[in-house]
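Take a look at this single chain in structure tokens; it is the form predicted alone.
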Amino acid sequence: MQRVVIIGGGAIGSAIAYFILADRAFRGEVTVIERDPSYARASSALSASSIRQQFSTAINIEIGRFGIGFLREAGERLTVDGDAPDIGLTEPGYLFLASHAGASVLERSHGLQRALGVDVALLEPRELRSRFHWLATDGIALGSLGLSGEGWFDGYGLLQAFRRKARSLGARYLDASAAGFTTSRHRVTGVVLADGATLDCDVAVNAAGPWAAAVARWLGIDLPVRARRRCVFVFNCPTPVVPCPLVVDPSGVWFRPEGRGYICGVSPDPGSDPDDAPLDVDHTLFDEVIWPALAARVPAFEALRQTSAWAGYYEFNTFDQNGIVGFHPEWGNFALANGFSGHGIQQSPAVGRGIAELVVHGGYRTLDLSPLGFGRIAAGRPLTELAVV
């Protein structure tokens, strides 16, 4: 019997638990340690919860393709006792806008996306204005629009659906904090809890989100994952902006509809993006960076009114902003599922399935996630993703 202990019960950890237990070949037990069962600070709960296929690397595109397929079937797959979750998936697409300087990158990514079957169109300014009459195209050379398979959903709802389904399959969730490991011959033999108890295990999984580096450090592993604050702002506009996909401006500012209003954000300048910043909203970011960009790109937004805001953490991979997935090369029964840099909630289905395949079958059976392995970190070979929002 295989004993699996997962540190972190957010969307990634709960997806792993679900996929392991849903595999008929698995014989064993799964325990999930979650120190904050309210999920008040969980990245899964505080995410903008969007999904796309418009990436510049094949592995991220394929992860997105599986993810959207899973989300479309989530109600059926994650039903418990006849109760099907509704994660509110909607697919208005992503619209990436590029200046003349960025047009060549958009074109190269478009070629790869089309080769992998992504339903995406490159649009010139005239075509953009025809589709989106509210959009100002000053300084825009090209736009890349996802025609299907991209949008947003209820991330907290997905997290709870994974958790509920995993528990229905036998997963045990502990309201506890992990504090260390017991080891023997370069294998993890147990997870030590803050109260001194030890959970014996055959496989340990690090799904600790923004705090993953601290967990890895217990084994002497330098994991380049840090907690980076990201702020999301909510606003209303008296003039309807329809139809509206999720728009990513060349400035890095993004916005999309949410209910009767809109949400928006931007990644801070690298010089103003410290580790472990308190989860207080940086309102100057909206006043000085976001609002001017919104008003310039959408004239109707000159009359917007900000109504609320929140802050959450990216589990930011400082090495190359891509996920780190798979067993560690030196600790053969210690699996990593970390560093998704804002893409974790949308990549949770594919990562959950991938880690489950490693645990149950000893290797990937469907989508090969080995490009995301820790080996690239150790070798200093970044997997560069050009479409990081």
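Computed from a prediction, not measured in an experiment: that's the story for all the values here. One-based numbering along the sequence shown.
Below, we refer to the form predicted in complex with a small molecule, which is not included among the displayed structures.
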Full three-residue contact with the small molecule in the predicted complex, heavy atom 4.5 Å, for 21, 173 and 354: no
Scan 294, 166, 204, 178 and let me know which has any heavy atom within 4.5 Å of the small molecule in the predicted complex. 178
Heavy atom within 4.5 Å of the small molecule in the predicted complex: which of 50, 333, 57, 322 fits that? Just give me the one. 50
I'd like to check something about residue 326: if you look in the predicted complex, is any of its heavy atoms closer than or equal to 4.5 Å to a heavy atom of the small molecule? no
Evaluate residue 344 for contact with the small molecule in the predicted complex, applying a 4.5 angstroms cut-off between non-hydrogen atoms, and reply yes or no. yes
Is residue 161 part of the interface with the small molecule in the predicted complex - any heavy atom within 4.5 Å? no
Tell me, yes or no, whether residue 146 is in contact with the small molecule in the predicted complex, where a contact means a heavy atom of each within 4.5 Å. no
Tell me which stretch of 111-119, 285-293, 314-322, 98-106 has a heavy atom within 4.5 angstroms of the small molecule in the predicted complex. 314-322
